[in-house]
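As a starting point, one isolated chain is supplied in structure tokens, in the form predicted on its own.
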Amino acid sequence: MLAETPPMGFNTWNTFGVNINDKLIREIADAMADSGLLEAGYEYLVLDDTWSEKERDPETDRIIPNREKFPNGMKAVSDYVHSKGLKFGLYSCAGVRTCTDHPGSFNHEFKDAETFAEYGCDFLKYDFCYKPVIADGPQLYYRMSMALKACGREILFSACNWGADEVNKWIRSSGAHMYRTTGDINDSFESFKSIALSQLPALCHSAPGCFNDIDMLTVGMYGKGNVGSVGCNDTEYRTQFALWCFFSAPLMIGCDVRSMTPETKALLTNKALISINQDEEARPAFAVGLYPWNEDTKVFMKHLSGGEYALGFFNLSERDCSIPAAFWHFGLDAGYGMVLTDCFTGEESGVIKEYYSPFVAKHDCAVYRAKVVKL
């Protein structure tokens, strides 16, 4: 089954936008393979919008790659990506045109799916711009899903309808493997904070085979690139990454992987955090406790396989503070405690009883892997 755990990879949009070409994609593939990202689980390299010509081929009616950007064709690019042990992804749109006014797949779904398969595509991001008003949104995703299944190649289907049409209620039945429920992210603390908080009622909707996509990571962008805004610091990036891991969100890198800082690389390849995201049971996190005096502090618990748990203390507020959690809220009684292993330092606590309240700086987080012990 595709997407037994949240998909992991890289997408060109956040940093490069419309400025993609053959040389760049090969360099990204090299960087992903050589930097340890592929080894860490980031297997998809996805080209976003503007990879194609502005119009379909007049003779075949097929979407064709931009001749200037990809002079050797898309199959040559795909073959190079595959030669690095990676999987190759492309972008299209359920509308008549894509979001940057290139050919969409509306009413061409089966032809386009065949074309993508011929190019060696393993992943399709399917956007929602320029949809005819009278067209039924869910039906368009059902159509492309059927087309991908008929194309003769296994292709992961990433539905990107921004949360329209109450997507969480029907998208799993469409055959999609991941689905966007948010607007576009930008590289700022407020952007990823608002996206994360908006998803608290929807954490239960991810499960093996189909995961809630809360947009691509901005970790490591530092205000540069296509969605660069005010940028974030390393503390804020680790909070973003930890939230995405707790929420079982797909981990699609958006920074320039050719020039990652040591801090960015260490975060994106953090085995303890990735193991929370990639846990085979893919159970949703749940919020613990209510603290009305500081609503922007959040505590999450996530059941993991093997009888372990993940605990996350997130300070999304503008002041440093302690974040309390009573173990009663986790489901423990007074006869049991927890041993916590810090996911950033690897340090292990002694047995902690009944209550824990780490001091967390503003915009930061404390994340632990936990084991329950009998006292």
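Please read all numbers here as calculations on a predicted model, not as lab measurements. Don't overthink the numbering: it's just position in the shown sequence, from 1.
Just so you know, the form predicted together with a small molecule exists too; it's not on screen, but the next bit is about it.
- Exactly one listed residue, out of D127, D256, E109, D279, brings a non-hydrogen atom to within 4.5 Å of the small molecule in the predicted bound form: D127.
- Interface residue among C99, A135, L304, V96, judged by heavy atoms within 4.5 Å of the small molecule in the predicted bound form: C99.
- Contact check for K298: every heavy atom lies farther than 4.5 Å from the small molecule in the predicted bound form.
- Contact annotation for Y91: at least one heavy atom lies within 4.5 Å of the small molecule in the predicted bound form.
- None of the heavy atoms of D165 is located within 4.5 Å of the small molecule in the predicted bound form.
- In the predicted bound form, none of the heavy atoms of D234 sits within 4.5 Å of a heavy atom of the small molecule.
- Note on the interface: of 346-354, 43-51, 312-320, 333-341, the segment with non-hydrogen atoms within 4.5 angstroms of the small molecule in the predicted bound form is 43-51.
- Every residue of the trio C160, R180 and D184 has some heavy atom no more than 4.5 Å from the small molecule in the predicted bound form.
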